[in-house]
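Here are two versions of the same chain, shown separately as structure tokens and labelled structure 1 and structure 2.
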Structure 1
Amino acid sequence: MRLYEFEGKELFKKFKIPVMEARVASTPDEVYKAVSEMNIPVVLKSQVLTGGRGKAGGIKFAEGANEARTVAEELLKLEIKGYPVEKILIEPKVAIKQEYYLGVTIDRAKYKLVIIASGDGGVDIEETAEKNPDKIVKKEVSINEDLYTFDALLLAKQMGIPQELAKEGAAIIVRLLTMFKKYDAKLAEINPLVLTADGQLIAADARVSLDDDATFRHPDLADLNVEHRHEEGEMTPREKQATEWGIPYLDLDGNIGMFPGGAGFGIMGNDFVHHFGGKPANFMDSGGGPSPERIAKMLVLLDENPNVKAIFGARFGGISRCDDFAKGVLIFLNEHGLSKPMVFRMTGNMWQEGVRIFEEAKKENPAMFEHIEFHGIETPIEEIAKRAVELAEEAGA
């Protein structure tokens, strides 16, 4: 769950990481009002859940309220990497003496938290890391260890914070790590951490990602108006529908509806379709042990997608049960009906029972199964993928 800059800064405030006195506005009028009250030159920052905002013209300055309103009108029309700007963060314009980089993330290979610091902050930090790795300081911290002030002080000095501000810098490092641990963060980045002309250290930007799987223990995030949301960007209507139903789903630009079991085969099944000359219309994950109702909803998403010409199904019952899978398919067939050809393979946990359910239903209502080809363990999955590509070609023709 990625936070907007203004949300991240609310978290910073809670941990006494210094940020500027700021306002958030959604319309040019709100911007005008805010800047009138602030009555100083300001910077207007588009709030989008993606990087590269500055280069895309999403950050502008304004001397007064009238100029701010005009600038806001432009910004609110912007789309940055496909994300429309809906909110603007308004902050005082300050003179900057130095930009630092400070970030905390998880090194998954070493299973450690890592603090990364540099005296060379700003947009080109990744380039710095690649070309001048000695300008980047890293410190690994075990999850069950505290960071002591002396470690932070050393980092602050190594990143080039001047002697008289090093203790203040150290405090910011300790607080950022404390926040990281307290809120189950995956990323907490201050880039840049600025040294202002009047000698203050301030977090000028905030990029924070929290672990969706740990939000259950942070009910207080709601007080910060931080809501659960997509990792990045806006969703298509179908993706929104799927999210409401709790199904991981992404629209792709092909024509084969992917109806897999498990995220792993969800990914590899798409590769196979490509491999045999087709193009998937979506990515989908059933999740572990989906209920029949969920299976039915997955099919609804595909059947109602006009791009889908044929459906490729695969069910290898592990934690999921083939009888539940079969029941789900039947719910879909009875309540919604299938309008596309579908080929699938079903095996694994409770597969005999699944087959029995299908055969019974087919005996009762053969028409319902008219567009369905189903296979068991005897057919390699590659054959099913090939057949799905054929079906889509036939349907598309």
Structure 2
Amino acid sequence: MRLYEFEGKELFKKFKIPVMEARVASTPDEVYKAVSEMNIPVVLKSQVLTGGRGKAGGIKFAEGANEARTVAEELLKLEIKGYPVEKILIEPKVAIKQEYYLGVTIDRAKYKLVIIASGDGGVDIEETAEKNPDKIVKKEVSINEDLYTFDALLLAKQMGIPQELAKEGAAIIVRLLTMFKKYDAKLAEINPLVLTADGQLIAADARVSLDDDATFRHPDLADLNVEHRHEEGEMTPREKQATEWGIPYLDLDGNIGMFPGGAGFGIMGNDFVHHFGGKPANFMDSGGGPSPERIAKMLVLLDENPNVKAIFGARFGGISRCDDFAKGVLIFLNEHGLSKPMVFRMTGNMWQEGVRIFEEAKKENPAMFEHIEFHGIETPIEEIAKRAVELAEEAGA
């Protein structure tokens, strides 16, 4: 569960990690009022749960309240990677002498925490790792292990923090690790940690992702008005709708709607689509033994997705029944209608009955099946995935 920058900085403050005094605003007038009271040059930072906002024009400077209001009007019209800007963080503009990178995350292969630090901050750490790997230092820490002060001092020195600020830099490293463990985080990142012209170390940005399965352990997050949200970013409208319907659903950046029978089959289907050169538009799980009505709602999510050019369905009947799957598809066709070509396959529990239901429905209303291809166990799943990729390419041509 990713936090907004201003939320992450509130956690930083609880652990005495230095941040600038700031305001959060939702309208141009609120920005004007805040900057008038601050009465200093400011930076206006769009609050979105995604990266790349600087490159997208989501961070601007203003010398006074009037300029700030004009800038805010522009920022609040922005969409950054599909996410609308609804809040703006207002901070004092500072003169920066040096930028560093500091982060804590999990090394899942080694079952350890890892502190990552660099004297090259302000850019993507992945870019630094690729182009200048020698500028990155790492320190592995067991989950039940504290970081010794001398280890933190060494990291601060390796980052290039000046000797006179090494103790302060080491304290920030220790506090960030402490916060990470206290709040069951998956990532806690300061990028950049800046050295100002007047010799202060300040966390100029905050990227914090918490384990959403552990948020029940932290009721105090409610005091910060942190609400449960999507794993890494803001929910899309379809993800919100799916949540209301109780359907596990995640939007991806492809154009093939994935209509699976269970999470395992869904993962396999996504792999098949990738193998044949396609890109899934979503991940979805029907759950065990879904009702026909639930099946119909799954198709609504796909058919109303403007990015979807074709739908790929793969139902393996185990706990679930293929005849219920077929009934759900018919409910969708009769109540909603299909606007995208769809190909799917059924196998397993009651697959023959599912095929029979479709065959009879097609005889009664051939037009309803004009853009639908359905198959049983006789057709390999690989052929269905390949056909879905072809349909998407034809629709996008």
Partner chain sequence: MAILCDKNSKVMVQGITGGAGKFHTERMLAYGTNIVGGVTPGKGGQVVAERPVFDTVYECVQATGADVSVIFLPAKFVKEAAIEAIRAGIKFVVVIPEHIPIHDMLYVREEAVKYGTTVIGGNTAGLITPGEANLGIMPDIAFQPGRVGTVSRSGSITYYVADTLTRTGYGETSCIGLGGDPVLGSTFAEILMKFEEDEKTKAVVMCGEIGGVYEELACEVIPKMKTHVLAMIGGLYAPPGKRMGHAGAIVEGKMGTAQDKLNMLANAGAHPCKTFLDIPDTLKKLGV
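Structure 1's sequence is the ruler for residue numbers, which start at 1. Only a predicted model underlies this, so the values are computations on that prediction, with no experimental measurement involved. Throughout, rigid core stands for the largest set of C-alpha atoms superposing within 1.5 Å between the two forms.
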property	result
Displayed copy of the chain that is the form predicted alone	2
Large Cα shift (2 Å or above) at E164 between structure 1 and structure 2, core-fitted	no
Threshold 2 Å Cα movement between structure 1 and structure 2 at R345, rigid core reference	yes
Core-aligned C-alpha movement of A326 between structure 1 and structure 2 reaching 2 Å	yes
C-alpha positional change at L250 between structure 1 and structure 2 - rigid core reference, Å	3.4
Per-residue C-alpha deviation between structure 1 and structure 2 [F272; rigid core superposition; Å]	5.6
